[in-house]
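Let's start with one chain on its own, the form predicted on its own, as structure tokens.
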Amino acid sequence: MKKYLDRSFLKNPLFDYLKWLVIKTIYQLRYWGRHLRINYKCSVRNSKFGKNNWLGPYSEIANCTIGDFTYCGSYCLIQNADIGKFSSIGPNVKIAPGKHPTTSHISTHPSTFNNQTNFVKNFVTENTYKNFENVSIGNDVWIGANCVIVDGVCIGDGAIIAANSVVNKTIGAYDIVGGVPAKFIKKRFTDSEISALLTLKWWDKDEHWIQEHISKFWSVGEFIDNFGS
């Protein structure tokens, strides 16, 4: 009987605000001095951060590790993901939203293969299908607005995902992809430039080094000429 109770009757704006305030306070105190910013009504659960992270309003972050300076826009759903440093995630991006069996089970409905608490009724008492896989996203990745990154995908350093794309397979370093499903468009730089950047790993430099050399960031040729050796 308890499972059939409609708990939405107990929801109210004040409770939601207080829940967000508690989460924000706990995480920002935990990362005090590392400048974690959790914006209004952003939910965070079981996640780790670097420093100088910014999480947009109404986003949900769960079971993630997020590197320095990486941020996300509003209304994102990001779960079961390891994300590198200096990555930019636009608004309304969905990362690892979950998956359903397509060939092993006869039904794609979760009530027939997983005992999930968010359903009113399930037909099983144990989980028979793993409906999520971790996503790996590199450093300096830009994911445009409204993208979906399917469970289990790996995205290499420096990649760009065009807005409104669905990524269902591995994306190489410094690839630009787009579409539904996302397809290769072009490389950001030449192969030799990409090799140099992957060797240099500028994102692992300290903030002082980046600040000192920031003007070199504005030309890939100048950057590699100065630091590529």
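Every value quoted in this text rests on a predicted model; they were computed, and no experiment measured them. Each residue number is its position in the shown sequence, starting from 1.
Note that the form predicted together with a small molecule isn't included here; everything after this is about it.
(Q) Counting any heavy atom within 4.5 Å as contact, can you tell me which stretch out of 77 to 85, 101 to 109, 122 to 130, 144 to 152 lines the small molecule in the predicted complex? (A) Flagged stretch: 144 to 152.
Exercise for review: Spell it out for me: taking the small molecule in the predicted complex, does every residue among 36, 51 and 55 have a heavy atom no farther than 4.5 Å from it?
Suggested key: No: no residue has a heavy atom within 4.5 Å of the partner.
| query | So, in the predicted complex, is residue 179 in contact with the small molecule at a 4.5 angstroms heavy atom limit? | reply | Within the cut-off, so yes.
Answer with yes or no whether residue 156 is in contact with the small molecule in the predicted complex, where contact means some heavy atom within 4.5 Å. Residue 156: no, not in contact with the small molecule in the predicted complex.
Does at least one non-hydrogen atom of residue 194 fall within 4.5 angstroms of the small molecule in the predicted complex?
The answer is no: residue 194 has no heavy atom within 4.5 Å of the small molecule.
| task | Check whether residue 185 has any heavy atom within 4.5 Å of a heavy atom of the small molecule in the predicted complex, and answer yes or no. | result | Residue 185: yes, in contact with the small molecule in the predicted complex.
* To do: Scan 26, 62, 200, 163 and let me know which has any heavy atom within 4.5 Å of the small molecule in the predicted complex.
  => When the small molecule is considered in the predicted complex, the option within 4.5 Å is 163.
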